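Have a look below at one chain only, the form predicted alone, in structure tokens format.
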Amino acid sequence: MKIKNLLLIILAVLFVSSTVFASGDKENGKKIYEKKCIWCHGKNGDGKGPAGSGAFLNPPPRDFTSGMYKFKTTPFDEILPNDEDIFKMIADGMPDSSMPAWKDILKEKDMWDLVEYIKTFAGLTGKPAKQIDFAKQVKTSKEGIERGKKLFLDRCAECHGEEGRGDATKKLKDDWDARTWPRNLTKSWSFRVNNNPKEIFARITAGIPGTLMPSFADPASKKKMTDEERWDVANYAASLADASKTIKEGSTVVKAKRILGNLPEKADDPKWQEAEPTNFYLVAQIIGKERFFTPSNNSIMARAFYNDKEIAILLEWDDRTKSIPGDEKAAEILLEGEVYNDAVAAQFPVTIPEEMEKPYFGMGDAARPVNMWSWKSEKKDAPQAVGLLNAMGFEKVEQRDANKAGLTAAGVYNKGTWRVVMKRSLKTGEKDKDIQFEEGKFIPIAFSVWDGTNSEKGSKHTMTTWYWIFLKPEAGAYVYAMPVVVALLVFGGCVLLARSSQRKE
């Protein structure tokens, strides 16, 4: 058989296989749905499964009975999504939400079967009559980015903010009455699909049905953009991704850099750019009383410096709202409850554990107490505040005087980002109450963050588990001298060997 004929047969088999998958077996899809999906999306596909309540998940699970799909590649005036759109959501999940990726658990055919069954909840049949046209894609260029920036500031900044951090102060709710937040475009890993310009173009073109994200291809819209303009905005939005905010797999250590002289005290000091950033996911606090399930903040970054006397830690996190209790503007975007302070805390064990045995990460335990540094944003009639406490569990907490312990903290809010510097002496006079920092040792550290406009207060907040902070020792002179010594020894040995060979000859 000729190679050409063999290739044609292989292609035909692949085409038939993909067609079979795409058509799907809804009976098998039902079996899989009732095993894997019913817990959130509910038996009837209405998003009211045992875990699907809006009190527990934000965003809430998709209501398949509505037939409305947020992330699709069909135009704004086309109700039907492509089967591939639904398949992609199942396979890849939705980052920064409770929808997991199933591609490592389910077979490809099973996922296509799920697609076919899920469509039955809304009686969706047939194929879409219209498709988004990606054929005229505009490649990224410096000039295009500049055009896209101007359009973005004019059409998109009112929700996404001037820097794309989603910090415009607007009250946003979807058609299901759930709180929604504009996407933070600087965090590429948090996009519901991904931040490929093609996917962003699809969102700009089709909008996100059921939300306040409109279609900018709709002729009836005052903000309508041409194909080329939408591609320019998509390319610009993709360019806003901030690599320094990427959460690297296996990155668990805040590396404190030793420097000479004074440590930076202000959060906006450019000196901080010399310290290596480490990012951590924030998760909702669900271990203590008054559990919390609907967070708005999703990550925190830490950098650190130290000298022979003190340590300074810069904590940075994106928060779409500057929460000021008593301020009318802050209250305008509140859905319910009260506006509380934005806040952050860093937690340490009182004693550096031996053999990596750490306290319980939720406020310590009776055998291993923790030391917690905290900072709160200002109120309308009160300045920022620094706090210090010791805890041996949620119920046994001792409030202490931060000033007496030499702990300081100050924060700055700028266009959707909080930056807070905490500083204290490496050693204190109360070794039984305060962490005593030691150079060259891995010291456990954990973080908590409160978004006051999301009604977060007390045990209602986001947090991390234990990670590490490491005071990296300054390299001694021998580190630099040893390579030179070794090189000289090798060179000397070569010279002696050469002379010995000449004598023998």
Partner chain sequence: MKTFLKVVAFSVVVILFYAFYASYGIPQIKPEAPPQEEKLDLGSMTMYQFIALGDKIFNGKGTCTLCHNPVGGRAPVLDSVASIALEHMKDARYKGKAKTAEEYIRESMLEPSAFVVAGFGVKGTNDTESPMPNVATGAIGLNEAEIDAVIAYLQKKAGTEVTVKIPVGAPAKEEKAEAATAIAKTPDELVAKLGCGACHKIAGQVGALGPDLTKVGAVRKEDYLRRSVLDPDADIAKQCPTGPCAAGMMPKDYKDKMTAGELEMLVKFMVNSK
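No experiment lies behind these values; they were computed from the predicted model shown. Numbering follows the first chain given and starts at 1.
Although it is not shown, the form predicted in complex with the partner chain is what the next lines describe.
Pick from 109, 198, 223, 396: which residue has any heavy atom within 4.5 angstroms of the partner chain in the predicted complex? None of the others qualify; the residue that does is 396.
Only one of 260, 367, 243, 135 gets a heavy atom within 4.5 Å of the partner chain in the predicted complex. Which one? Only one option qualifies, and that one is 367.
Select, from the options 403-411, 384-392, 148-156, 126-134, the stretch whose residues sit within 4.5 angstroms of the partner chain in the predicted complex by heavy atom distance. Selected stretch: 384-392.
Heavy atom of residue 170 within 4.5 Å of the partner chain in the predicted complex: Residue-level check for residue 170: no, no contact with the partner chain.
Does the partner chain come within 4.5 Å of any heavy atom of residue 433 in the predicted complex? Taking the distances in the predicted complex, the answer for residue 433 is yes, it comes within 4.5 Å of the partner chain.
Heavy atom to heavy atom, is residue 354 within 4.5 Å of the partner chain in the predicted complex? Residue 354 lies outside the contact set for the partner chain.
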